[in-house]
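Heads up, the chain below is alone and in the form predicted alone; it's given as structure tokens.
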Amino acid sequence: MGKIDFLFCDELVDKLKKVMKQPICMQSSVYYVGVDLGTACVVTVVLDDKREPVAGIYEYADVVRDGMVVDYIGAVEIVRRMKEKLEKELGIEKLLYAAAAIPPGTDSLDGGAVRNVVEAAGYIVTSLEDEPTAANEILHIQNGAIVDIGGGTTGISILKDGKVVYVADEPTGGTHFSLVLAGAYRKSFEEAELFKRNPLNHKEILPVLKPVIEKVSVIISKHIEGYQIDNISLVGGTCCLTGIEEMIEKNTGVPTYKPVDPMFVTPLGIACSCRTEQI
């Protein structure tokens, strides 16, 4: 199998990063919104009627832990504040329709909470998918595994002929990376988070994080066992760590790739899953 072509995904993410700095004010018959309530970061993406990014915003926050909403009021306030800011930037009265996503297999536990947060912020929720499946809206993986390593959890979706045949989610993610760094470098958790996000530090911290990456690899290997997986595609903010794909490939024995910027793949996919009919 050759390397996965992430061209469409990478181009869309590049457009999003540009409109995050300079939103596109234009007439659109409808706007599609994606809200990603992450453990470390909340992201809102706005697409126009052609499914092209026109605005976006993100904010680091501590309202979700291990994929579960732990600060409901705080989450609502962040999403509502983002909504109002985006409406002002786009010069429109109201963003109406939104999609959201949850860690795989947690719909019975927390799907209602995520939906309630987005609705309380003023949206009509028209789609609620699991995170890796939402990511595939722009990855377009036919056969393989999508692994979304977020702040609190590692979510896995296995696809056959473009259809999801298995999903799983386990608690281990960027938060655990930061805890290891905080202990190793005698930093506060907040300092470790900032240290981890700086690409200039990635080469230095990769060996320190090896045990946690190995744990993530074990989680992946456990859930893909029994499936004929051609490749693994990594998404999620934690996968911005330079070299993580090589370590996971070595540990799992499965060719592993990631887009240029994995952080915004899932939020974009969530927005692409948005419709104009209420669920």
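Sequential numbering from 1, following the sequence displayed. Owing to the predicted nature of the structure, the values given are computational and were not obtained by experimental measurement.
The same protein also exists as the form predicted together with a small molecule; that form is not shown, yet it is the one meant from here on.
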Q: Select from the listed residues 241, 63, 232, 248 the one whose heavy atoms reach within 4.5 Å of the small molecule in the model of the complex.
A: 241
Q. Which of 88-96, 122-130, 188-196, 160-168 has heavy atoms within 4.5 Å of the small molecule in the model of the complex?
A. 188-196
Q.
How about residue 144 - does it come within 4.5 Å of the small molecule in the model of the complex, if we only consider non-hydrogen atoms?
A. no
Q: Look up in the model of the complex whether residue 263 has a non-hydrogen atom within 4.5 angstroms of the small molecule, and give yes or no.
A: yes
Q | Heavy atom of residue 56 within 4.5 Å of the small molecule in the model of the complex | A | no
Q.
Can you work out whether residue 202 and the small molecule are in contact in the model of the complex, taking contact to mean some heavy atom pair no more than 4.5 Å apart?
A. yes
